[in-house]
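In structure tokens, one chain follows: the form predicted on its own.
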């Protein structure tokens, strides 16, 4: 029996004017029990919408058509949602039998400690206490998280949080596991560990896995099937990209000799008086007109460093000197932090009076970032990648001289990543300065002039981009990538 059966499924989000914009049209697919499927497609093609439509309590609001059955139960019949009284899936069955892991690890954490997080779903289902303890012990052992099972969830790294999310879902013993770009915020090592655990869940526990991703090559060794929702582009070779970038690297070397516009001197920071130092005695310089990438493991302090450089946080010791603080813009890791309006068009226009740009500038920005057709849509109804584009478009309309970017390619397909790489390089060629935190090593190779690696609260090294990746045995771009193909 097919565990998932989708026939002629269509979906459209409603805009603030009441009209509907199609996201998925006439999609049909079946997924057999025990499969490991990767769902691939460009930004905004409907991957998240499709995944959420397979779990009743996450079903998005909009106009839909077609039929969906999951675990043999109808969720949608001829475009009408099926409630439990008419044979649809009830919330208890959905909670226990259909697991869901989100893109942002922190968004799914709801409890204060790892143990409570693992037990949370079981408690809500009324699982007897002895059975609950057993299941928590089982998943903690399976995922190797016994050493930090009593740890506070707020102290976990991104990779640890995502492992806890996966373990908490598995404690409910689902038959179907849905994952929406679960590795988008993981460092290279955490990504490999997470995918290995996911493969064990599929092969050893027999759980059917459906995972949306922009990097199917990462999971090629584990997946049994790939489902495409649109064109994904051709692969390109790292060596070919490096050869094409060498003339630029030579030209851009001059930028590193420019005056520094940003300097951290013996900067130290911790979030609480009695907590460990996140950053200790850190020294760093950023040259005017350069692109400076900051890399490192989950929880190493990269985002904290970016906030310190941008003035969002202040060092408890040492200092940060920023000569462009009045002309800067900051893109947080969660772009929704910038959204306060009811439509994309209103978001773009929010700072018009304050910053002096025009309606014509707004139209150009919407076209430039592929958002013109989404102008009437609510920002929260956009895909994760589209939200990234909207946030960056909004910031660039302020005409910043200094731009801070925290994971700017999160949720973007390779073509969109290539567009953003060209944009970042063009900003630097205009003399603007870009500082970005990223786990996307392919993007760092394609855009950065200099790379700093954060380790143990300090900068382990700062080197020109070519030398950094040539000498690094862990932080290395892919040998082949669709981003490279889009850039070549």
Partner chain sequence: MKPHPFATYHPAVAFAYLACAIVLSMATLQPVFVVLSFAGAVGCSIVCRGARATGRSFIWIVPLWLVVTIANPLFSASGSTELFRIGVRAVYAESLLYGACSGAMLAAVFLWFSSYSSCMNSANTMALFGNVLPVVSLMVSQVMRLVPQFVARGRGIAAAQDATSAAAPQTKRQQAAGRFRIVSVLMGWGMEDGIERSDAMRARGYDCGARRSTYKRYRFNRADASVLGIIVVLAVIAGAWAAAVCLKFSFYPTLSGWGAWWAYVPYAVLMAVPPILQFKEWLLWR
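Note that the rigid core is defined as the largest set of C-alphas that superpose within 1.5 Å between two forms. Remember, predicted model here, so these are calculated numbers, not experimental data. Positions refer to the first chain, counted from 1.
Only in words, not in the display: the form predicted together with the partner chain, which the text now covers.
Remark: none of the three candidate residues (31, 43 and 278) comes within 4.5 Å of the partner chain in the predicted bound form, counting heavy atoms only.
Using a 4.5 Å cutoff between non-hydrogen atoms, residue 265 does not count as a contact of the partner chain in the predicted bound form. A residue is said to contact a partner when one of its heavy atoms sits within 4.5 Å of a partner heavy atom; residue 284 fails this definition for the partner chain in the predicted bound form, lying far away.
Although the partner is absent here, residue 58 is a contact residue: one of its heavy atoms lies within 4.5 angstroms of the partner chain in the predicted bound form. When contacts are judged by a 4.5 Å heavy atom cut-off, residue 168 counts as touching the partner chain in the predicted bound form. The single contact residue among 296, 370, 332, 74, judged by any heavy atom lying within 4.5 Å of the partner chain in the predicted bound form, is 332. Between the options 205, 107, 253, 80, the residue in contact with the partner chain in the predicted bound form by a heavy atom within 4.5 angstroms is 107. None of 414 to 422, 242 to 250, 133 to 141, 224 to 232 except one has non-hydrogen atoms within 4.5 angstroms of the partner chain in the predicted bound form; the exception is 133 to 141. Contact residues in stretch 319 to 338 (any heavy atom within 4.5 Å of the partner chain, taken in the predicted bound form) are 325, 326, 327, 328, 329, 330, 332, 334, 336, 337, 338. Once you line up the core between the shown form and the other one, the Cα of residue 406 ends up 2 Å or more from where it was. Relative to the superposed core, residue 85 shifts its CA atom by less than 2 Å between the shown form and the other one. Relative to the superposed rigid core, the position of the CA of residue 325 differs between the shown form and the other one by 2 Å or more.
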